[in-house]
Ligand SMILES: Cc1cc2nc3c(=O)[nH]c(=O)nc-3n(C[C@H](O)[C@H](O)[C@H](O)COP(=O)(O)OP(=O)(O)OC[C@H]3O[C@@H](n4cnc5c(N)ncnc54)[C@H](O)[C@@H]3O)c2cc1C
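Below, in structure tokens: the form predicted alone, a single chain.
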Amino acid sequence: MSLMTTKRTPKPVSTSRPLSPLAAELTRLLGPQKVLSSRAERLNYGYDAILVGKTPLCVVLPESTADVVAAVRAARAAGVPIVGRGAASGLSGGAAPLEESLVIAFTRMTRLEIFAAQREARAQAGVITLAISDAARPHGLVYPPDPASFRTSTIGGNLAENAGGPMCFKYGVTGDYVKALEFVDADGEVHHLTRGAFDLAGLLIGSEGTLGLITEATLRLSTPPRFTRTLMSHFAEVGQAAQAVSEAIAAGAVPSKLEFMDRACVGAVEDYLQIGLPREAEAVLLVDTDGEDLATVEEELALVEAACLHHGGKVRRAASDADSAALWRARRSISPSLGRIRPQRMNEDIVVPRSSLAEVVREIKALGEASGLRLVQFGHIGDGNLHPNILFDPRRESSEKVHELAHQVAQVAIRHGGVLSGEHGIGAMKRGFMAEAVDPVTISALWSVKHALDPQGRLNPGKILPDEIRSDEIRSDEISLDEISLDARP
């Protein structure tokens, strides 16, 4: 007699949790391929390049404006906040949810059209910045704004922050190239805006997703310059570099790129790339001049060279296009270079008048040395936009110490008549400094705009604006109209 045994196959144990009501409704409306609901998927959308926030309740990956409308209306019905997100390369916490929210990630909205005759591009929010110039180049056109993250950042994120970049001094920032916008408001209504006397589009640009969700933009394209020349100058003292910048511009030079790196920054990049940067220098300037007339391009480069030599700089002109490309690769490699030194960093983004540059870079250098933290400086020095970066390891250095140094850097900018941000935005990281940087009347007015466009406060809550100031808390003698500026750039 033989015994036969039957091997039982255990029943699979379900590890999935039922969908939240919002995720279930969005899945019904948009289909499961456009909705991320598992915790493992949602974890990836709780942070940006600088800040870790709350894991979102649900993530939507829209492919059209209609998808965005459906998501916004579902979130409104559920009473859930909404955070827009591009490539999450932002450096102020702008795309990190601070509450349990619906994240709308635009990375699938990548339709791009070039209208060469009109010198225009029409781009959905998820289009990578570099892709615009790549598509325009066969038509003899380019898109000039070039944030350092142009290989990864999306045009929607650039619009939300009004991003600049190395070419901003001569060619302007993202907002300067916008001809029209499409956005979805807090109620899920679609609006089409053109630039005019009442420039609501200009209000949306740089609002960090707190007033509406930009879904598409019509952008102005330009013809590329025929000639470009590059030089590098290095200095024995950081203030000398700043003085050379001011003198060159005062003499009439308008470089297309004018970038600054301090010694710590140069050392980090050289460790990473090993391309022969001068490690002994306390400061390095990288400069491009360009234009249609070679004589003018050379003349402007000579003005920069003379100013650098006058302030003790040593100058090397790029000998070839390849040499120039290597130098600019160094500038664009700063972020990964710094990541090899410390696992985290706080990236400040102050703007100060050029007349104060020398004093500001010296003061910030001294603050870093006194703090005991690693601090490096670089930035678009031509328009006074500096990026002091505080590098730290949260296992060894306290967040309180890091935030205190960041606060001191912000106070340097304010004291010299500058502002807190030139392109990275206020987000969550600099929200706590706003009450010192902006007068109560302006903050109250900004809250009025927020209430008008987002009455329930559901769009990217906890960003930019400090706690609301009631009108009865503002005394007429607290502020002079002469002190109120509507221009965020000195």
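Please read all numbers here as calculations on a predicted model, not as lab measurements. From 1 onward, residues are counted along the sequence shown.
There is another form of the same protein, the form predicted together with the ligand; it is not shown, and what comes next is about it.
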Only one of 35 to 43, 57 to 65, 446 to 454, 421 to 429 has heavy atoms within 4.5 Å of the ligand in the model of the complex; I'd like to know which. 421 to 429
Have a look at 261, 71, 163, 245 for me and say which one sits with a heavy atom within 4.5 Å of the ligand in the model of the complex. 163
Contacting member of 89, 218, 377, 240, with respect to the ligand in the model of the complex [4.5 Å, heavy atom]: 89
Is residue 148 close enough to the ligand in the model of the complex to count, meaning some heavy atom within 4.5 Å? yes
Distance check, residue 233 to the ligand in the model of the complex, heavy atom within 4.5 Å: no
Does any part of residue 392 reach within 4.5 Å of the ligand in the model of the complex? Heavy atoms only, please. no
Partner proximity in the model of the complex: residue 125 to the ligand, non-hydrogen atom cutoff 4.5 Å: yes
